[in-house]
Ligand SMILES: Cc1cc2nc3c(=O)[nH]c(=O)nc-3n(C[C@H](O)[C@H](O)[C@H](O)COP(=O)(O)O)c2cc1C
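The chain below stands alone and is given as structure tokens, in the form predicted on its own.
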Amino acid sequence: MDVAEALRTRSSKRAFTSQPVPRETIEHLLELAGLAPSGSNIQPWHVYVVAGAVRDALCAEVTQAASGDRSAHRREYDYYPDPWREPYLSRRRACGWGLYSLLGIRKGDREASLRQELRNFSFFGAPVGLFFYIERDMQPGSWLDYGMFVQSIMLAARDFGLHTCPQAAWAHFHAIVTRHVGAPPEQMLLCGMALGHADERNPVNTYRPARMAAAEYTRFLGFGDPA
């Protein structure tokens, strides 16, 4: 699969089959992603991969925590603007309700919304989960580098017929995740990721949020008129 096709076919899948992913495949994906650029080649990524009994125990504990009082569970960093403003608020709402409408979840149906949200914490059924940690003294440039690393995993996965779903939701439960994976205290959980074979029979995987055209966010300067 060429890069353009990988970009076109990558999307966040929210239903996976139980078909296993060999460890050798995951290792190969991570080797490829490790070629991503980073400032001064510092490579600030730390990855923990869970499967089998470790995955299942972690999913069970986080699902239980997410089903109850969440006041003690917060990300260690701000992901979104506070307060929200346009046009980002409208885009967020369109994405969320586009997905929930496809699933038949009505606005205000908190029980159904919670059930769908909790599926995050089973990796949407994927047999493999990845957790991405960064050391706490790293600055925004390294976070930028990290995004390129994570994107590289998602694109490389397409070459193996695999799909992914990046999941910031796990960062709320960093204390539980860290205890299970054994990350040291100087590392911070950025996000998780589901990895596996998409369940193409599940309608949720047909959802693709609208994207802006390049002309909406790009200015070309100094190009002049075509010859």
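The first residue of the sequence shown is number 1, and the count goes up from there. Just so it is clear, the structure is predicted and the values come from calculations on it, not from any experiment.
The following text describes the form predicted together with this ligand, which does not appear among the structures shown.
If you check this ligand in the model of the complex, you find no heavy atom from any of 49, 122 and 181 within 4.5 Å.
Residues within 4.5 angstroms of this ligand in the model of the complex, judged by any non-hydrogen atom, belong to 164-172 and to none of the other stretches in 58-66, 26-34, 39-47, 164-172.
Proximity to this ligand in the model of the complex, taken as a non-hydrogen atom within 4.5 angstroms, holds for one residue of 102, 148, 95, 89, which is 95. With a 4.5 Å cutoff on heavy atoms, residue 84 does not count as touching this ligand in the model of the complex; it lies far away. Contact annotation: residue 12 falls within 4.5 Å of this ligand in the model of the complex, judged by heavy atom distances. Among residues of the shown chain, residue 22 is not one whose heavy atoms approach this ligand to within 4.5 Å in the model of the complex. Although the partner is absent here, residue 209 is a contact residue: one of its heavy atoms lies within 4.5 angstroms of this ligand in the model of the complex. Taking this ligand as it sits in the model of the complex, the stretch 40-77 never comes within 4.5 angstroms of it through any non-hydrogen atom.
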